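A single chain comes next, written as structure tokens; it is the form predicted on its own.
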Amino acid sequence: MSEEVKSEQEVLFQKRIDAEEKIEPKDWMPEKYRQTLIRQMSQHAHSEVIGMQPEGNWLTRAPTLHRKCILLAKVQDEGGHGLYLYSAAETLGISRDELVKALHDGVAKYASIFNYPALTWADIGAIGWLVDGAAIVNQISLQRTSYGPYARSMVRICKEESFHQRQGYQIMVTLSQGSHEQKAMAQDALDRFWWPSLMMFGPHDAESAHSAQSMKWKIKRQSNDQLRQKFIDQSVKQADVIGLKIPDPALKWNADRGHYDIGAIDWSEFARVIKGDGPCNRQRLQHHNRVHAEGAWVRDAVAAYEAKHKQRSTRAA
């Protein structure tokens, strides 16, 4: 393809984006658009699957059968979200095996928040309230992303994440209304998960390597800082309702902006965790590698069944 023809196609592509048309798998798209989507969607899928680990670790220790059933349903949902997103990413011409290999090789990333341990039952509440709350803020805007399969997968995921956020907040409400020790446990969980939750939205817009182009292509509909601010504003009010204190001495309402101002985020911590030096990075990937290897026989059995079914269909025809 000549550069002139390619340039014309890129102009037409951008016109479609600007006209709010959805891009579908068989449509022409710039290679950088495809690669950007693969990077973002695979990171999203990996985050859903890796995120099952800290919560799955609490399934046998949930305080009641009711809580256990709810947590089990949530963990199953996260696995389903990963499946939707891997399937959507495959429409871009990359295989599931390639996506998983990139994760295992350390090429693909997942949300840095899942490299922190869930030390107490209150942490399960904080993960639901803050981590899933942050995810919802981001994913609601992704329902309008320019790539059709990604946008459609977000519709169901957002509905289920809303349930996840409510169950986490309800845990925090219950603990906050309990004994002194229980409320202290809830506050401790908030103290540890607050800042990593803010880091989930990524670097400030001026320092983000991908934001500007992703916004132009409408893969992202709102910037990192806009999404983070929305999350801060809603979370501060939710914490106040249940008597918990946001662990930020600099937090204050800015009447001129109509938003809360916060203290400085420790981006050096974010960089360390992203580079693999978080509290649980190695544990998370080692666990995923081991379980993936142990599940090889299941994938082989499914492939064998499909091959046999195809053979029978061919003979019958």
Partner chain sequence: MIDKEQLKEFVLRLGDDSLVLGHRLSQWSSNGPFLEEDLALTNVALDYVGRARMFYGYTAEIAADGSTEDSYAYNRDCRDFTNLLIHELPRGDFAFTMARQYLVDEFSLAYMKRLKLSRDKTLAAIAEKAYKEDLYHLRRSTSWILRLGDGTTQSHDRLQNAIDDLWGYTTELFEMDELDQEMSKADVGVDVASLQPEWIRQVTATLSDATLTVPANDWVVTGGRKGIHTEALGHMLSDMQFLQRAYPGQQW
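A quick note: this is a predicted structure, and the numbers were derived from the prediction, not measured. Only the largest set of C-alpha atoms that superpose within 1.5 Å between the two forms is called the rigid core. Residue numbers count along the first chain shown, from 1.
Not on display, but discussed next: the form predicted together with its partner chain.
Undergrad: So, in the model of the complex, is residue 49 in contact with its partner chain at a 4.5 angstroms heavy atom limit?
TA: Flag for residue 49 set to yes.
Undergrad: Although the partner isn't part of this model, could you tell me whether residue 187 comes within 4.5 Å of its partner chain in the model of the complex, counting any heavy atom of the residue?
TA: Looking in the model of the complex, residue contacts with its partner chain do not include residue 187, since no heavy atom lies within 4.5 Å.
Undergrad: Indicate whether its partner chain has at least one heavy atom within 4.5 Å of a heavy atom of residue 82 in the model of the complex.
TA: Close contact exists here: in the model of the complex, residue 82 approaches its partner chain to within 4.5 Å, heavy atoms only.
Undergrad: Applying a 4.5 Å heavy atom distance criterion, does residue 19 contact its partner chain in the model of the complex?
TA: Taking the distances in the model of the complex, the answer for residue 19 is no, it never comes within 4.5 Å of its partner chain.
Undergrad: Every residue in 59, 300 and 308 with a non-hydrogen atom within 4.5 Å of its partner chain in the model of the complex?
TA: All of them do, each having a heavy atom within 4.5 Å of the partner.
Undergrad: Name the residue from 68, 275, 259, 32 that puts a heavy atom within 4.5 Å of its partner chain in the model of the complex.
TA: Of 68, 275, 259, 32, the residue with a heavy atom within 4.5 Å of its partner chain in the model of the complex is 68.
Undergrad: Can you pick out, from 215, 155, 107, 72, the residue that has a heavy atom within 4.5 Å of its partner chain in the model of the complex?
TA: It is 72.
Undergrad: Just one of 284-292, 249-257, 23-31, 267-275 has residues with a heavy atom within 4.5 Å of its partner chain in the model of the complex, so point it out.
TA: Of the stretches listed, the one contacting the partner is 284-292.
Undergrad: Scan 163-190 and note down the residues that get a heavy atom within 4.5 Å of its partner chain in the model of the complex; none is a fine answer too.
TA: If the 4.5 Å heavy-atom criterion is applied to its partner chain in the model of the complex, 163-190 yields 174, 175, 179, 181, 182, 185.
Undergrad: After a rigid core superposition, would you say the CA of residue 298 moves by 2 angstroms or more between the shown form and the other one, or not?
TA: For residue 298, whose C-alpha is compared between the shown form and the other one after core superposition, the shift is 2 Å or more.
Undergrad: Checking residue 15 here: with the core superposed, does its CA move 2 Å or more between the shown form and the other one?
TA: No, because once the rigid core is superposed, the C-alpha of residue 15 moves less than 2 Å between the shown form and the other one.
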